[in-house]
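Coming up is one lone chain in structure tokens, specifically the form predicted on its own.
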């Protein structure tokens, strides 16, 4: 009898310990505005993809909340006096999730894959100044450049290092089952439902304070906010209905973080379109955008009217320009100059499902309709929208944004250089802009010449209107008070890369 009683006591004790450990397991749930296309930053470098993959994989450097470069997989780096070499000293004692040590060969493999024209790397143009990567030893690597590029280090800070063995083994499947050195490890992914990541107990930066990280895509802003207030998700950044911000800020049970972001929203014009290839029509559309009205009434005062791809926080920003004035009569004159005094043609305007984009699209369609231009607004699920502008020319206009424009090269080269890689969905080609942007990469970033070059680029873009800039983005995040260690990041893709420091105390 005593023996049986002892077994029962032991069993109860085991159950209590097991139940206690289960009760203490912490899952942090992050809401997002859209599903990711994939988790391999070499081929899917969008915001939705980066905010997830940056918790799994890491770059040589990263940006802190003050937008300063800080070490990550590299502990230090040095530029040669002639600007043609960057030496990286790699962090020792770092292991990939499959157990192998991180070494210089992984860095070499990642960038050589990126630079190989046979591979589908949309951001290749940002790295073409890398001529050769020399391995000194397992923890030292030298990037040899074919010309100086003062902005290259910023782009290196945005490219996560992949393990050469697993990347080769998985091939195209790497983006759906990624392996990295980051604080969280891939576990499972049910698309359009949730991505589940498990804590990496061996993370070099210290084991995460939560056991599991989940990303839940909820495209509808209202539904996402409802899920947050119901406690179904713990936090999210971006995609907050501006009309709700004042209420949220006055709620003691909600933490709202706000900070200016280095990005903007814009209308893009496909110059393969028979109408959008005329700069006068593009100018006309720009003069139909009431930017101040959109910021005040659609965005609830969040952000500010935009007119340049280079954000105001950068020294190369041209403060001698101002947004195109909302002026329907000027727009009518421009259409008449282009041969369409009464409109008489039709356009398509594509946007993804975010509420403010839908509203802006409808406003612009109405304004153009007043001038006799019929605009069909097509709202598409993110994947379909992205596929359209990435892989077809079946659109006239679209609404999209750029985040993280932390230097003038990043803010202009991919978007407006004719060799900008896969990203010029607008098919803009201006020889003078190409020349200025090429020179902009090689002159010192803090020189007077740099200011002159990018000032002229902005003046040309202001006239040509390949984009009609709408507003500069203000980053906003919400979280519950029981979440500690989180601060809204100006660079949205970096929002969760330090999620191992977040804790959940409820």
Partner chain sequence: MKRILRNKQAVAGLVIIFIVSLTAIIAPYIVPNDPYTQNIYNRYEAPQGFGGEYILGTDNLGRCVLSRIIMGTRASLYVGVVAVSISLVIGVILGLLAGYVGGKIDELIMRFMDLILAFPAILLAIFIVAVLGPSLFNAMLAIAIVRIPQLARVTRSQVLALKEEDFVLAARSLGASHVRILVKHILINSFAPLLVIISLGMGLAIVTEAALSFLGLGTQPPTISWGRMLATARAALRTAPHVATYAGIAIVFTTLGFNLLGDGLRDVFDPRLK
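Predicted model only: the values in this text are computed from it and were never measured. Numbering follows the first chain given and starts at 1.
The same protein also has a form predicted together with the partner chain, omitted here; what follows describes it.
A.B. asks: Answer with one of 359, 101, 138, 212: the residue that has a non-hydrogen atom within 4.5 Å of the partner chain in the predicted bound form.
C.D. replies: Only one listed residue qualifies here, and that residue is 359.
A.B. asks: Exactly one residue in 80, 418, 243, 146 has a non-hydrogen atom within 4.5 Å of the partner chain in the predicted bound form; which is it?
C.D. replies: Answer to the contact question: 243.
A.B. asks: Can you pick the stretch from 203-211, 105-113, 67-75, 294-302 whose heavy atoms fall within 4.5 Å of the partner chain in the predicted bound form?
C.D. replies: Among the candidates, contact is made by 294-302.
A.B. asks: Would residue 247 count as a contact of the partner chain in the predicted bound form, using a 4.5 angstroms cut-off between non-hydrogen atoms?
C.D. replies: Yes, residue 247 sits close enough to the partner chain in the predicted bound form that at least one of its heavy atoms falls within 4.5 Å.
A.B. asks: Test of understanding: in the predicted bound form, would residue 132 fall inside 4.5 Å of the partner chain by heavy atoms?
C.D. replies: Close contact is absent here: in the predicted bound form, residue 132 is far from the partner chain, nothing within 4.5 Å, heavy atoms only.
A.B. asks: Considering non-hydrogen atoms and a 4.5 Å limit, does the partner chain approach residue 333 in the predicted bound form?
C.D. replies: Outside the cut-off, so no.
A.B. asks: Spell out, yes or no, whether the shortest heavy atom distance between residue 435 and the partner chain in the predicted bound form is within 4.5 Å.
C.D. replies: No.
A.B. asks: Judged by heavy atom distances of 4.5 Å or less, which residues of 369-395 approach the partner chain in the predicted bound form?
C.D. replies: The stretch 369-395, when checked against the partner chain in the predicted bound form, contributes 377, 378, 379, 380 at the 4.5 Å heavy-atom cut-off.
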